[in-house]
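The chain below stands alone and is given as C-alpha cells, in the form predicted alone.
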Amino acid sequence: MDLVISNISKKFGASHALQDVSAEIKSGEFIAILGPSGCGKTTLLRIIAGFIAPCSGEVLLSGSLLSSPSGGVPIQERNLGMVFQSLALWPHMTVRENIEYPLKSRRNRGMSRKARQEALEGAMTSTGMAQFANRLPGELSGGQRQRVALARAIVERPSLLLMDEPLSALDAELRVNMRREIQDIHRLTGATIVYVTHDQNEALAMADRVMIMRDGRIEQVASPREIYRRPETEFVATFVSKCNLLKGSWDGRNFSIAGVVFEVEPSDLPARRFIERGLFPVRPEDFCMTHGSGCESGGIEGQVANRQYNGRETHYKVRCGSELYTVYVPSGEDVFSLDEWVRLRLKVR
C-alpha cells in the first residue's frame, strides 16, 4: 500500500510547521524522517496518523484519501500501528493485556477467539515478551517496555507502522540492540514504516530511505548512502555527520582553495548546487593528514586546534586560515599534537 503525501502544509497560529511537503512512500518501505527539533517531522507523522488535520494538501493510502483539511478516515478505522516516544503503556495492565488491547477495538470485533489468540501469541513471541506476559510495565526494564509497545503496535498486522522517536529514552547500548529488533519486525511484518528521529545514526542504520527536513520543508529524500555521499544541500551535508564545506572555485574537475588545486574524480564531484557556489563538501574521513608545513608536497596547510580520542579513530579540528575543518584519523596511524602544523590532502578512493 503506497503512501502518498501531497502538498501538505500546516500552521499553528502564525507559525508554519509544514510548508508544501510532498513525498511518496512505497509499500513495505522503511523511511526515516530526520531533522532537528522543530523541523516539522512529528507534525507530519501526526497528520499521517490522523491526530491533526493539514491546512492544505492530502495524504492518500493506496489511492484512498486518508487525511485532508476537511477530514478523512477516523483514527480508529485506519489500519496503522503507532509507537509513541512515551510508549503510553497502561500501568495497571499486564504485558498480555497491553498487547491485546488493540484487538478489542470495534474494528476487530469480527475476529474469532482463535484468530485473536494467534495474533496475540505471534506478537509476543516475535518481540520476545511471551515469558513476561503476566508482568506489569513497572516490573519491566526500559528495553522490555519498548518491546511491549512494539508488540502492541504490530498485533493487528497493520499495513502502516508509525514510530515517533521510540528509542530516545533508552541508553546508547540498548538503542543499538533495539534498532536490530525494529529491523527484524520490519522484515517479519512487511509493514510500511515511517520512523521519526533526530538521531542520524538511527536513520542511516535502519532505513531504506531517509527524508531530511528543515524548517517545515523537505531538503532531500534518498537512500542512506546517497544522503551521506551525495548530499544535495549545504544543510544536508553539515547536518549528517558534519561534512566540511571547503570554499574555493571550480574549473571542471579541479577545485582550487588557498592556492592549492585538488583534482576530483568524476564520481566524487558534488551536486551542481555546490559547484555553482564554489563549495566542496568533504567528509572528515576523506581527508589525509600529514605532518609538516611550508611549500613541500602540496595540500592545505593548517594547525591542529583540538584533538579527541574516540577509540577506533581520533577526531581533530584543524585551523586553516579562518576555517576550522574536522578530520578523522584511524587509531594506529600517526598521532598529531596540539598546535602542530599539518597538511590536508584528499584520500584516493
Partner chain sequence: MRILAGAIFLGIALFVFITPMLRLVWMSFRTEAGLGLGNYCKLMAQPRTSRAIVNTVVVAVGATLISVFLGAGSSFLVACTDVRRKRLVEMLTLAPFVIPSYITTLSWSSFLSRRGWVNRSLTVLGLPMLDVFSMGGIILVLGICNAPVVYLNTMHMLRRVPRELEWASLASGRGVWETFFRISLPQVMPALIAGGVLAFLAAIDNFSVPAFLGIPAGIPVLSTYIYENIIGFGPSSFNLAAALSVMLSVIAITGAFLQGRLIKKTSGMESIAEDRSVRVPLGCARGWVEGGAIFFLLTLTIVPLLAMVSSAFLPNYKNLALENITLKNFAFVFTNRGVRQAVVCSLQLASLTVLICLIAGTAIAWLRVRRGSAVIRIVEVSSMLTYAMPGIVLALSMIFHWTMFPGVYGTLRILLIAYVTRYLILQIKGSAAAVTAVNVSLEEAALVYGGGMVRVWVQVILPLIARSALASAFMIFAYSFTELTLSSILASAGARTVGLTVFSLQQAGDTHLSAAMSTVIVFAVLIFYLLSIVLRALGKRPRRKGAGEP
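Keep in mind that this is a model prediction, so the values were computed, not measured. Positions refer to the first chain, counted from 1.
Just so it is clear, the following notes concern the form predicted in complex with the partner chain, a form of the same protein that is not shown.
Although the partner is absent here, Met178 sits far enough away that none of its heavy atoms falls within 4.5 Å of the partner chain in the model of the complex. Although the partner is absent from this view, Arg46 contacts the partner chain in the model of the complex, with a non-hydrogen atom inside 4.5 angstroms. In the model of the complex, Tyr309 stays away from the partner chain, with no heavy atom inside 4.5 Å. The closest non-hydrogen atom of Ala115 lies beyond 4.5 Å of the partner chain in the model of the complex. Contact annotation: of the candidates Lys247, Arg225, Arg107, Arg272, the single residue with a non-hydrogen atom within 4.5 angstroms of the partner chain in the model of the complex is Arg107. Screening Asn254, Ser86, Ser141, Thr238 for any heavy atom within 4.5 Å of the partner chain in the model of the complex leaves a single hit, Ser86. Per the 4.5 Å heavy atom criterion, the partner chain in the model of the complex is contacted by stretch 87 to 95, the sole one of 87 to 95, 143 to 151, 263 to 271, 189 to 197.
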